[in-house]
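Below sits a lone chain in structure tokens, taken as the form predicted alone.
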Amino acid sequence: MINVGIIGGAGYTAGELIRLLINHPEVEIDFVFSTSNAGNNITKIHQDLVGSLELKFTDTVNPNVDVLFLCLGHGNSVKFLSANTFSDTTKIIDLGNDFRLESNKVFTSTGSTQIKTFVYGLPELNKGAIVNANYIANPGCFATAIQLGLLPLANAGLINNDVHVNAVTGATGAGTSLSATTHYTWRDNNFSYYKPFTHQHLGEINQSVNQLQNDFSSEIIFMPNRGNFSRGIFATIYTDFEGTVEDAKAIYKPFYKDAKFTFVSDDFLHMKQVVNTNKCLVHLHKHNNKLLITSTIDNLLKGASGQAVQNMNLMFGLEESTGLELKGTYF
């Protein structure tokens, strides 16, 4: 059994991770760390787990777990690892943004001579590296949806003009902390954009596109939006493309032919097709000289905890889909 520790256990991504791991046939949860909830039953926060889990939150860690999941706010993973020492054999999967970029993928552990080099954990892009990695930087949710829409085109060297992206995420994308734009009375029957053109996930998106198409020099213009629903991301992406839609499908379908969770659909998409699953669905549509690429995921699963478990499976030599054959809530 894989012995697991979870840091930052009270948030949405940790809750999803716990739900997945208690049903994973190869995993045993050792501890769930939360300083603000230490000593409380996990079911006090994640109330749907009543009857499924007896574990309590703790403010101590087992430094010898097989794998550590960091479910911390952005910027806090470096602080936690600097303050806490784990075995050199402990694999780490960070769900924050601390190690996603090439410029900050290396971390030197406190009290250890081992340098931790994080691999960017998008299986459809870096599967071979993930299999051999000890440290994974799990991709961002918007970044996952947008990259999976763009990577086949980049792999063919065909992103030669600006890319326009409009994507909407649900309320869980903002985390559990309340703010002016997360209260029900603000979100209900409402819609807005935020961080126009400057969203933090642009860095990793550009990095991955350049990994496949190193001459890419155009701009990815991203408009993120808040929707009045709980979970999911729906992204529409368009750029210039000289071929037909069938030409585009001939690029996309072979690229994803061996992907466990990413599929190219011939039909128009809607978000309920993927909510509560680890799937990404992609659709292609051609209008004049523009290729419209639609991509949709569940932000908490394929965009966070599901992808983290997918990466864990690869790191430990398990079937990639173990514990992730989930039933979507279509109705």
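All residue numbers are counted from 1 along the displayed sequence. Since the structure is predicted, the reported quantities are computational estimates derived from the model, not experimental observations.
Just so it is clear, the following notes concern the form predicted in complex with another copy of the chain, a form of the same protein that is not shown.
Exactly one listed residue, out of L292, V67, V61, I29, brings a non-hydrogen atom to within 4.5 Å of another copy of the chain in the model of the complex: L292. Look at 189-197, 209-217, 137-145, 122-130: in the model of the complex, residues with non-hydrogen atoms within 4.5 angstroms of another copy of the chain sit in 189-197. Relative to another copy of the chain in the model of the complex, residues K44, A171 and M223 are all within 4.5 Å by at least one heavy atom. In the model of the complex, another copy of the chain sits within 4.5 Å of a heavy atom belonging to Y238. Looking at H183, you'd find a heavy atom of it within 4.5 angstroms of another copy of the chain in the model of the complex. Mapping the unseen interface onto this chain, N84 falls outside it, with no heavy atom inside 4.5 Å of another copy of the chain in the model of the complex. Taking the partner from the other structure, another copy of the chain in the model of the complex has no heavy atom within 4.5 Å of any heavy atom of R100. Of the residues in 79-106, none comes within 4.5 Å of another copy of the chain in the model of the complex through any heavy atom.
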